[in-house]
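Before any questions on how it binds or moves, here is one chain, the form predicted on its own, in structure tokens.
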């Protein structure tokens, strides 16, 4: 995952307002049925089940590293698509072939679970489901060619979204479409600076080839590395640059819910993750909720957690309290959006 983008983006959160026209001057009001929009429905926001999310993560880990072109990758794909279908989603498997920086052709699949496929107003919830082919940051140099389990980096975001899918199936929303997308081949990029396009191959493909012709969404939320103990989700620069209003809404909601210890108001530099390609290619504003435990904007040596891209990215790092914080905030975003309460 993720070369570090050199620029640190400045956030300017703009509060905008819109005005409705008064109508044609001199027109006679019609004494007929009102055409006012129906009030948004009232719904109860479900409780996010952190134990359920944890089990979804453990199930992915049980397959082993989900590296494209491996049996574990195929088995996990079938599991994820099956779970989304079980929860009532319309599932689309977007198969594609793409050449990695190594020259290897990857057989990859973006997995899309649609809730309310015909609803015109839509939001995207996304995570990547593949794991890295090499542990290039492992402290033990002898292990750096081994594949990564990718429990926090990959499976945690997917596990949270599977639990959200389960809640959407049990607590339906009628007036809002939700597309849960598990991007493939995110983590097969070339290490070091300067080769941004070698990362996020699944999100690049989807952004150029939507699963539905003419697809549009109001905005998206990406989850990446959202399971670790003592996680900290600052305002990441790429999110702030392309989707400042969504950042403002989500972070304000999270802090109002009592999760300010997780959702930090600190601004940090931008990173290259799947949301970068959704923003720049698909032109859908998308934010990234990602654990970036750095001390300052310039402290790039500690930009990611210690187990990132190592053989230590295992279930031992997962904390159920972190899963609950992220999952409950995203559920609140979805249901408040459906009720017209997200400001």
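Since this is a predicted model, take the numbers as computed values, not measurements. Residue numbers count along the first chain shown, from 1.
Form predicted in complex with a small molecule: not shown, discussed below.
**Q.** Which of 92-100, 268-276, 73-81, 254-262 lines the interface with the small molecule in the predicted complex (heavy atom within 4.5 Å)
**A.** Stretch 268-276 is the one.
Q. Any chance residue 184 has a heavy atom within 4.5 Å of the small molecule in the predicted complex?
A. Residue 184: no contact with the small molecule in the predicted complex.
Q: Considering only heavy atoms, tell me if residue 199 and the small molecule come within 4.5 Å of each other in the predicted complex.
A: Within the cut-off, so yes.
Q. Is there a non-hydrogen atom of residue 304 within 4.5 angstroms of a non-hydrogen atom of the small molecule in the predicted complex?
A. So residue 304 counts as contacting the small molecule.
(Q) Residue-level question: is residue 308 within 4.5 Å of the small molecule in the predicted complex, judged on heavy atoms? (A) It does: once the small molecule is placed as it appears in the predicted complex, residue 308 has a heavy atom within 4.5 Å of it.
(Q) Within 4.5 Å, heavy atoms only, which of 236, 163, 224, 179 is in contact with the small molecule in the predicted complex? (A) Here the answer is residue option 224.
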